[in-house]
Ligand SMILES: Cc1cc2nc3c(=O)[nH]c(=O)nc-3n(C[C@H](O)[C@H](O)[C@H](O)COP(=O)(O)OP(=O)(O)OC[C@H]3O[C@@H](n4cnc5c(N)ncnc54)[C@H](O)[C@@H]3O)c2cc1C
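There is one chain below, alone, in structure tokens, taken in the form predicted alone.
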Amino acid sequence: MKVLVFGEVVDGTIQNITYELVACAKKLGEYLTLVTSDADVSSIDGRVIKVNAGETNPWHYKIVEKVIERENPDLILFGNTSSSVDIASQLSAKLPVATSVYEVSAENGEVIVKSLSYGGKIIVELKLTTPAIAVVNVGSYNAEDGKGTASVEEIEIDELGVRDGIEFLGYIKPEEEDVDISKAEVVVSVGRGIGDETNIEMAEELAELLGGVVAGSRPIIDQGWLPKTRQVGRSGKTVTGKLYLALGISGATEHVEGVKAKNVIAVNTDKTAPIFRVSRLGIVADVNELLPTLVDKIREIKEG
């Protein structure tokens, strides 16, 4: 099976989702990665087609379409991000597409994907007629497995004959500068159980001791206690670091969709809270009673 990975680049930087998709492709057969910008692609494992499309990195789908015609892949992998979904949706008029995918396999020449439906409440297994497209969720594969040494083939955009009238002007970034919780190794996340906005200070102190950042569930963001950039979940960001501390978060499906950290520790007064189903360690306790003791103990260990 031949797999084409769409490599996502933002501001000249290869995004982690690209490495995750390569890790997925390596398990399926022959694979290559398409990058449509003048970025440094040397860390991508395997064959890379690099289309020099100019400094502004146009995302127009015609480049992908031309490379698909040239390479004839059985499967094209996109990340479940706003930029990649935009291209995948334009290609869907010609190719079958599976979205919200978290696992891809191949059997007897067929592509089999597992996808989340109805907000993650139902797992759907699909067999796709090739060639096909799979849009894979962030955090489904280990990015480190997709890193290595690239064999690069550079192509000028004129060689592909791409003329679709689309010009990419640039990224519009939020005015408010903030941390990117999706890249943090340690995330201390607070939910309704924190009780009051002033109690977030204790979570911030804990995050500082652990070398992490503070995030929150949607109710916290909706109340304006933390900025939108700190929201974890379907309508926020996906966290994929080493540790996720869920403090007073019940664990609704929409929230859990954004939790892909290697280790999840949850604290909640409700022993039946859904968050415990995805946690490696669960503590039934009042967050506001536990946090001061936890902060003191960690500080004591670090100073002693």
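Note that residue numbering follows the sequence shown and begins at 1. Just so it is clear, the model here is predicted, and its values are computed rather than measured.
The discussion below concerns the form predicted in complex with the named molecule, not included here.
- The named molecule in the predicted complex comes within 4.5 Å of no heavy atom belonging to residue 33.
- Although the partner is absent from this view, residue 146 stays clear of the named molecule in the predicted complex, with no non-hydrogen atom inside 4.5 angstroms.
- Taking the partner from the other structure, the named molecule in the predicted complex has a heavy atom within 4.5 Å of a heavy atom of residue 235.
- By the criterion of a heavy atom within 4.5 Å, residue 269 is counted among the residues contacting the named molecule in the predicted complex.
- Stretch 215-223 is the contacting one of 215-223, 128-136, 91-99, 67-75, since its residues have non-hydrogen atoms within 4.5 Å of the named molecule in the predicted complex.
- Not one of 7, 10 and 41 comes within 4.5 Å of the named molecule in the predicted complex, counting any heavy atom.
- Along 247-265, a non-hydrogen atom within 4.5 Å of the named molecule in the predicted complex is carried by 248, 249, 250, 251, 252, 254, 255, in order along the sequence.
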